[in-house]
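Okay, here we've got a single chain as structure tokens, the form predicted on its own, with questions on binding and movement later.
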């Protein structure tokens, strides 16, 4: 018999696309998508169950559907799309705790895949040139999405210790980008003028939205345990990214960029959080050796080609080959 896969966060574009891709895999028997609201668009052969992972009802769903593989994609980065920061934290942290409690009680669940992010490493002047998976943030996050992800990974590690019979795969994705991605970073690059912190030119790494779907599916099918940084080859400096978009930028002191970010957040123009200000000051680099040598995954897009594909959606002409087909919809990450 094939596997039965449960996907959380299916109402979001990436979750819906992944669930459809998983349902087409011959090694997977059934795919059940879970969220508090129905997904928009066609979900193909995916079965939708309206359920809140913050509620104990999720345990009943696992038992009723005989789920053996759980793909957790409900850790979200945008408080606006969640209904505010408090709701976002509840969904990210409390939802994960309830989901893990349900998995722990289930004798059938044998594989857990968690979509995490390299944001958990933070961004500071003390950072190494490249983060490896055995490193943690040099400065513990005190608020926002980074703190949520740091706590979520802690709960996932605790679950792995309590259920050593369950294969746990954690994917720390670099900033996801592409024509249909809506995230704090893509909102920043969509601004008509890009504010930057004077005296800094941060390093950026990207993961194309199609490669995110690819690595999630690969993790489900391969069943390789562990924690993996996932990013496209190479880096871009913020100055390079700005030039490639053909947009003007303005250099400002860090405090001024922070104040501008607060105004943009209140106006809902861009979700310019303090953690994003740190990222746009110091940048971040991650080592992806384990992704290739242990997980056995190779992204189709480099950091540069992923950013170029995103640029196409802003009307920037392609100056080189861009891999991978574009697809419809908007991907909130």
Partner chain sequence: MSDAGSSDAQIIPIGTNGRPGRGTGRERPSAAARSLAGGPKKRTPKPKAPAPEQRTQEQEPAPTPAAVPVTRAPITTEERHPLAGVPVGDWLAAFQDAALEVFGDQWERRLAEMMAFMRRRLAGEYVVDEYGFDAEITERFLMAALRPIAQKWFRVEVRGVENIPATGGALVVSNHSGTVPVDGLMTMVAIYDETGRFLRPLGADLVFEMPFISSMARRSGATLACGEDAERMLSGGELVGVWPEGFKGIGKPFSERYKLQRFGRGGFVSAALRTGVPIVPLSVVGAEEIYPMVGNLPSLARLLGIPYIPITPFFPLLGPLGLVPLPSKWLLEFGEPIRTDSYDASEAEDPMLVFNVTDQVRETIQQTLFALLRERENVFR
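Source: prediction; values computed, not measured. Numbering follows the first chain given and starts at 1.
As for the form predicted together with its partner chain, it is not shown, yet the points below apply to it.
- Heavy atoms within 4.5 Å of its partner chain in the model of the complex belong, among the stretches 122 to 130, 149 to 157, 109 to 117, 215 to 223, to residues of 122 to 130.
- Its partner chain in the model of the complex is approached by residue 138, whose closest heavy atom lies within 4.5 angstroms of it.
- Taking the partner from elsewhere, residue 90 is found to have every heavy atom lying beyond 4.5 Å of its partner chain in the model of the complex.
- At the 4.5 Å threshold, heavy atoms of residue 173 stay clear of its partner chain in the model of the complex, well away from it.
- Contact annotation for residue 244: at least one heavy atom lies within 4.5 Å of its partner chain in the model of the complex.
- Note on the partner interface in the model of the complex: the residue among 105, 163, 203, 180 having a heavy atom within 4.5 angstroms of its partner chain is 203.
- None of 191, 101, 198, 260 but one reaches within 4.5 angstroms of its partner chain in the model of the complex through a heavy atom, and that residue is 198.
- Contacts of stretch 277 to 313 with its partner chain in the model of the complex, defined by any heavy atom lying within 4.5 Å, are made by 282, 287, listed in sequence order.
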